[in-house]
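The same protein chain appears twice below, in two forms, each given on its own as structure tokens and labelled structure 1 and structure 2.
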Structure 1
Amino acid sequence: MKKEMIQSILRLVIALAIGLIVSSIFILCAGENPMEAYAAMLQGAFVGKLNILTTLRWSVPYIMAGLASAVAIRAGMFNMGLEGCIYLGGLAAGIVGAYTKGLPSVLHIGLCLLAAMLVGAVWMYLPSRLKAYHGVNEVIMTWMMSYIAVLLCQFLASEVFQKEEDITSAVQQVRTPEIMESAKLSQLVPPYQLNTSFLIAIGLCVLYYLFANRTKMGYEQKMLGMAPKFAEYGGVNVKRMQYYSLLFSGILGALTGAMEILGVHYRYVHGFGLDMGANGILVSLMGRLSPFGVPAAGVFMGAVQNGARAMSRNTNVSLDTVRILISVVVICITAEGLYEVLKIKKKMREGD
């Protein structure tokens, strides 16, 4: 076990190193010093109270989206439509938050989250059902659904729920009215953006740990993802497991969006979840679907995103450079042969 852990961490480090080397080339092309750029990034992510708290604030959606993706991948499927779920969840929470009045805060927040989860479940119902019971390819299905969801949210937010004054105002943003005070998640260290959604995310990680390592369903899900034929033969209800895994992935995705809206934006702002789905998938892969790995990778991703903003503010390096970094890591992260080329395996063998 220990050896495997070291190996998987080492692989992650290699994938990151390759990503950093590739993005260094692009930084050099932009006429900047990569070392300085990365230093700016590190500083922006970790130095000072503001930066640390902002990194943690950004880690929340990535941990959440990472969990959402992990739940599907653990059962051997990909929810490529996480982004759509995030938008829908955000919109649902934003609307319930804005239009329900007079509820105590806990209830109101609960209602918003519930509405988001419900919308996520309804949205993922069709792809989950079609994948599990009819074998329709979920990768393309969910990806297409994601496009549709984003367009739908844009339509609903701009044509149905947008307030007159927002259309005419200078904000130039598709957004819904602000949510009630009672629906807002409170900040942990005011006035910083970090809020109680961080605690919810950590709580969900604990639940995920219990589910994955301690329950019958968790064991069956793991076996299904690793060897579907074995699971079927061993009596796992494959279809039901696939169905619920994908459905839950959607629910967690919607929850991600809802927490962003209730905790940070206080209203649905179109475009708030840009790249969050894709980055969530990467977080789940980097965290190797583990209940400890996913939050760690989520914090890492939060630091990268937060640091990247600082970097693009202080240097001439654009945010696309970070996207390049991330995509290179995705490309390298499953490339087994790459590590053989780099003789990682051999060294590990000689080492023990």
Structure 2
Amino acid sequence: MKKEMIQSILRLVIALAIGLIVSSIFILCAGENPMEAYAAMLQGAFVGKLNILTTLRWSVPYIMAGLASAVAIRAGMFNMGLEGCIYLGGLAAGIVGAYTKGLPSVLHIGLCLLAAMLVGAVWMYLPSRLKAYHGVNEVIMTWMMSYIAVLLCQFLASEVFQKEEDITSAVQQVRTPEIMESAKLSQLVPPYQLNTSFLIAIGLCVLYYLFANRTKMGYEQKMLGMAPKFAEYGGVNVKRMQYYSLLFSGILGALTGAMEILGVHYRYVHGFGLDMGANGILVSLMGRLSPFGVPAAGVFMGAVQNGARAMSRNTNVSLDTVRILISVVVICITAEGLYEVLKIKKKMREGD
């Protein structure tokens, strides 16, 4: 086990090194020194109170979306509709937060989060049911439903809930009214944006660890993802496990959106969850679906995003070049993680 862990870490370091080397080519093409650019990135992510807290702020949606993806992948499925769940959860929380009055903060926030969870569960009910009990491909189903969810949120926000003054304002954003003060998540270190959603995300990571390593269902889910036939022969209720894994993936995705609205934006703003779903899948793969790896990968992604913005500000590397850099690094790390997951599943299936 120790040897395998060392090999896994070594492969991860090699993948990161390859990503940085390839990215250096783009930085050189921009006329900058790669070492100076990477130093600016590290400084922007980890040097100074503001940078550290901003990195942690950006880590929260990555951790949450990574957990949502990991729950599905552990059962052998890919939820490609996470982005739709994130938007729906954000809209539900924004509406409840804006139009529910007279509640104490704890109840109001709880009601917002509950509304998001219910919407996420309802939206994922159909693909979960069709996958588990009728064998419909969940990748295609969730992917197509994600487009519907995003466009539905845009329609509802702009045509039903948006105020007239917001439509004619200079901002011209598709958005709902601002949520009540009682629905806002508290800032951990005012005036910085890091809020109690960070603590909620850590708490969910702990629950994910307990589920994955201390419960019968967690073991059955792992076996289902690695070797479906072995799990079925061992008495695992495959259909029920697939159904609930995909359903809870949608619930966690909706919670991701809700916490962004309640803790950062304070209203639903269309476009707030752009690429969060795809990044969640990347984070879960980088973290090897592990209760420790996923939050670590989430912090890594938060650091890369925050540091990349600093690098763009302090060097001549354009923001587009920075995006290419991020993509190359993440692809290299994720490809290694996906290879390891598939290799484990192959070994398990050969043993069926």
Partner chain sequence: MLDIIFSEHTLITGLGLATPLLFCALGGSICSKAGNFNIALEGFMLIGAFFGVVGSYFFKSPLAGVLLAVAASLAASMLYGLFLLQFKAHEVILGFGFNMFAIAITGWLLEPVFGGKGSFYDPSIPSLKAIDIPVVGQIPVLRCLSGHNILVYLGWASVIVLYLLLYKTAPGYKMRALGENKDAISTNGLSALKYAYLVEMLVGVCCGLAGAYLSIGGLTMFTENMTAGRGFIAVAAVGFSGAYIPLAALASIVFGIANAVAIQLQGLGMPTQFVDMIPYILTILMLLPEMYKHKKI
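On a predicted model such as this, the values are computed, not experimentally measured, just so you know. When a residue number appears, read it as a position in the sequence of structure 1, where counting begins at 1. Only the largest set of C-alpha atoms that superpose within 1.5 Å between the two forms is called the rigid core.
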- Between structure 1 and structure 2, which should be identified as the form predicted on its own? 2
- Item | Core-superposed comparison between the two structures, residue 326 Cα displacement 2 Å or beyond | yes
- Message: Is residue 34 displaced by at least 2 Å at its C-alpha between the two structures when the rigid core is overlaid?
- Response: yes
- Quick one: core overlaid, is residue 54 moving 2 Å or more at the Cα between the two structures? no
- Query: For residue 316, what C-alpha shift in Å results between the two structures following superposition on the rigid core?
  - Reply: 4.4
